[in-house]
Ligand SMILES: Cc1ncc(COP(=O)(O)O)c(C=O)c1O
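Take a look at this one chain, the form predicted alone, written out in structure tokens.
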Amino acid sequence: MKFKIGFDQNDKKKLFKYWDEIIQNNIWSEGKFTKEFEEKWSVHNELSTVSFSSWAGAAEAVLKFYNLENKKILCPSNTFQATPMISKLNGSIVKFVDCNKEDLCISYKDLVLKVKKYKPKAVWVVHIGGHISFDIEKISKFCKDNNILLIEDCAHAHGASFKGKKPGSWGDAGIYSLYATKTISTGEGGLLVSKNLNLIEFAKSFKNYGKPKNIVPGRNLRMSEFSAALGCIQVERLKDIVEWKNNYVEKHMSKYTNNLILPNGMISGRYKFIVFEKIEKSVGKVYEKGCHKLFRDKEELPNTDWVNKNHWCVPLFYKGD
């Protein structure tokens, strides 16, 4: 499937200047731009931030910090397979939850039922398509009231907000993807955001083989300086991209009447424009098959099955000036 990265050609000169500096200084990792990228995202997201070489690396740091091996974790089936897969690879017992038809995100109603049934230690909420889960406030309160960890998969949600709050603000951690197709991208990469400063310090060590104190067993999950420099450019451009996409939706998408409607106070990053009608020039679906089927789980999830069959995405690619 073809896609266009949200990189503005006006930024090439600045990006190449950054890359030239990296080559000249001969510091290709753990340098100035990694620190600057994390600081810029912290200002944008209003949460402490750690960069990683992938979404999966950031997610693994969270799973390890909260010791979720052999613990039950609830996960929406309507998500990319990475969410349940990284949980399974780290020893968590994954149970799937149905989604809403309205927002494609995890269903609060089914979540409450599954919590009662499975008594999980943690819950994944996945913000699908660029907007934030419509039920996020209820889900956050429910998890806090029941002493359940809430992990936000923010892979689609760059530039989104709900009543002024950014993704990752409702849970114990939020994890962004910077993969090639995302609203802003470093080609590969991920970001962990959290208000839990102990998690942030753990993540810094975990991604760097446990350095500098060598207390935490870790991996090599660092982002390169070249990717971080691109990230610095992209953070500065994010507001422009989201405004451009939302203006485009307002001007050109009115002909679609059976589309996903955002609640008051929510701004979507417009990673996708989702409609519930088959269209000729679709760029496909967000997900064509639920993870409960991909992982051969016997859970009955009727809303997920319906959503997988009955939604399509209208082309919406940032073109810049």
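Each residue number is its position in the shown sequence, starting from 1. None of these values were measured; they are calculated from a predicted model.
Omitted here: the form predicted together with the ligand. The next part is about that form.
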Is Tyr287 close enough to touch the ligand in the model of the complex, meaning at least one heavy atom pair within 4.5 Å? yes
Looking at the partner-bound form in the model of the complex, is Val97 within 4.5 Å of the ligand by any heavy atom? no
Residue-level contact is defined here as any heavy atom of the residue lying within 4.5 Å of the ligand in the model of the complex; does Ala155 satisfy this criterion? yes
Heavy atom to heavy atom, is Lys114 within 4.5 Å of the ligand in the model of the complex? no
Quick one: of Leu150, Val235, Leu199, Val126, which gets a non-hydrogen atom within 4.5 angstroms of the ligand in the model of the complex? Val126
Tell me, which of Phe226, Tyr179, Tyr248, Phe142 has a heavy atom within 4.5 angstroms of the ligand in the model of the complex? Tyr179
Looking at 103 to 111, 133 to 141, 215 to 223, 171 to 179, which lies within 4.5 angstroms of the ligand in the model of the complex, counting heavy atoms? 171 to 179
Select from 187 to 218 the residues with a non-hydrogen atom within 4.5 Å of the ligand in the model of the complex and write them out in sequence order. Gly189
